[in-house]
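For reference, the chain that follows is the form predicted alone, supplied as structure tokens.
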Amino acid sequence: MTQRNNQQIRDLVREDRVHRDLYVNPDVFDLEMDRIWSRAWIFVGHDSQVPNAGDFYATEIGREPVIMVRQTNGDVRVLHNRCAHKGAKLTGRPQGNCKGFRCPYHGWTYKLDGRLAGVPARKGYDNTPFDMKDPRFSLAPVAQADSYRGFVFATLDPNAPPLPEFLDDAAATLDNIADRAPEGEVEVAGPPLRYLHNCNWKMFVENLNDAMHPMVAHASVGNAARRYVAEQPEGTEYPPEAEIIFPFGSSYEFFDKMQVTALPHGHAYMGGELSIHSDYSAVPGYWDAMVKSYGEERTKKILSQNRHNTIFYPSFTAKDAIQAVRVCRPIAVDKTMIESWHFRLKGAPEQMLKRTILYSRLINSNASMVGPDDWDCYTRIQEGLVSDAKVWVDTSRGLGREEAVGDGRRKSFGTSDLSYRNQIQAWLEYMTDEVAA
């Protein structure tokens, strides 16, 4: 790999543009895995995925295989999925339950907390430095792991700031997802929808709050939905699919009114009170369940928050009004897996979960009416950026028109590139930090 010094990295970013190497250069991608994905707090999973002692969920932090596992005392730990002996992955299963872990190669066994429990033919280690109690022969925990409202994050960097500091005001989105449950908790509902994208991971994350593309990329589906409804007899009730699809054909003015808010660490969100989700029909019984738990005033406050795509840079995005998150997993410079996870609001009518899943199937899946539009655009960008005709990507929309709103937050009109520039600033800080050089 060709190493780049900090100045060479800085040369890839200008105030109003970025170099195409951020998206197409394999060496830059490798450096991102070392300096961003190994140092930021990365979403691992939700603790409801491992409800019982011995339950585990295997995933990755960047290129590092890890296991989230429930302990016998109820704690959730995140361990490296690597045998301390020869380095084999302990489990290739995505999830399951066990009393401990056993390496499939030489049979070393480990307790749920990672401590070495046993090795076959142990006499062979007599009179050697091997010591069962030596931590170097146990499974390594990640440098830091923490949970916020059940959402589990981990980082491979022991010097990373505490999770609440990293989340900043983005944490309010996770609060709102949980608070929308009459019982104050959510749980994962089944496996995710997985969608392989032929593009660099940043294209997906940048697109989340790109409000200039819906009116173009998604125009056909929005127009088709409107034509369908217009053709129905007068008085026909809108199908639930229509109110989900309609906002994707909204005007530039509508998205500008939503506004975009940039937060520290590359996080951002659109909307607040106004979003593409704020006019959904009421689900019978839900309001009453919420008022019973929170009272009318508190319920109104909870349901008035409608953030659109809160970005937790670099790894995932959450929708509070929909109770769904999408997880970004980089595979290669031009390959990214996107997972869409859905949450059940404890104590809420089952229709709330059905709407969440309907939204995701209509918008996020590879068989949806919207997601393939984005997939096509990402692929075209990835293929187009190899052209030598131009080597820069513009980021200038709304430049200089941001408004500082305190605590490191900035706000701008919805179709501004503010969220994009905010991510690039975080990218630059991670990639040029002298600790990582």
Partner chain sequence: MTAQAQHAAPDLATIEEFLYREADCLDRVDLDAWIQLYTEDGTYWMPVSPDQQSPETEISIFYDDRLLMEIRRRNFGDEWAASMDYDVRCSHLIGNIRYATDGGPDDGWRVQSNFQAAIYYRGETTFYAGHYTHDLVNTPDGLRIRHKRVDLLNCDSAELGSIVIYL
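A quick note: this is a predicted structure, and the numbers were derived from the prediction, not measured. Numbering follows the first chain given and starts at 1.
What comes next is about the form predicted in complex with the partner chain, which does not appear here.
Although the partner is absent from the chain shown here, R194, R227 and M369 each have a heavy atom within 4.5 Å of the partner chain in the predicted complex. Checking 376-384, 29-37, 46-54, 63-71 against the partner chain in the predicted complex, the stretch whose residues place heavy atoms within 4.5 Å of it is 376-384.
Among heavy atoms of V216, some come within 4.5 Å of the partner chain in the predicted complex. At a distance threshold of 4.5 angstroms between non-hydrogen atoms, G96 is out of contact with the partner chain in the predicted complex.
Under a 4.5 angstroms non-hydrogen atom cutoff, the partner chain in the predicted complex lacks R307 among its neighbouring residues.
Heavy atoms of P162 never reach within 4.5 Å of the partner chain in the predicted complex, leaving it off the interface.
Scanning P104, G118, G124, P239 against the partner chain in the predicted complex with a 4.5 Å heavy atom cut-off leaves one residue, P239. Here is the short version: of L362, I302, L174, A145, the single residue with a heavy atom within 4.5 Å of the partner chain in the predicted complex is L362.
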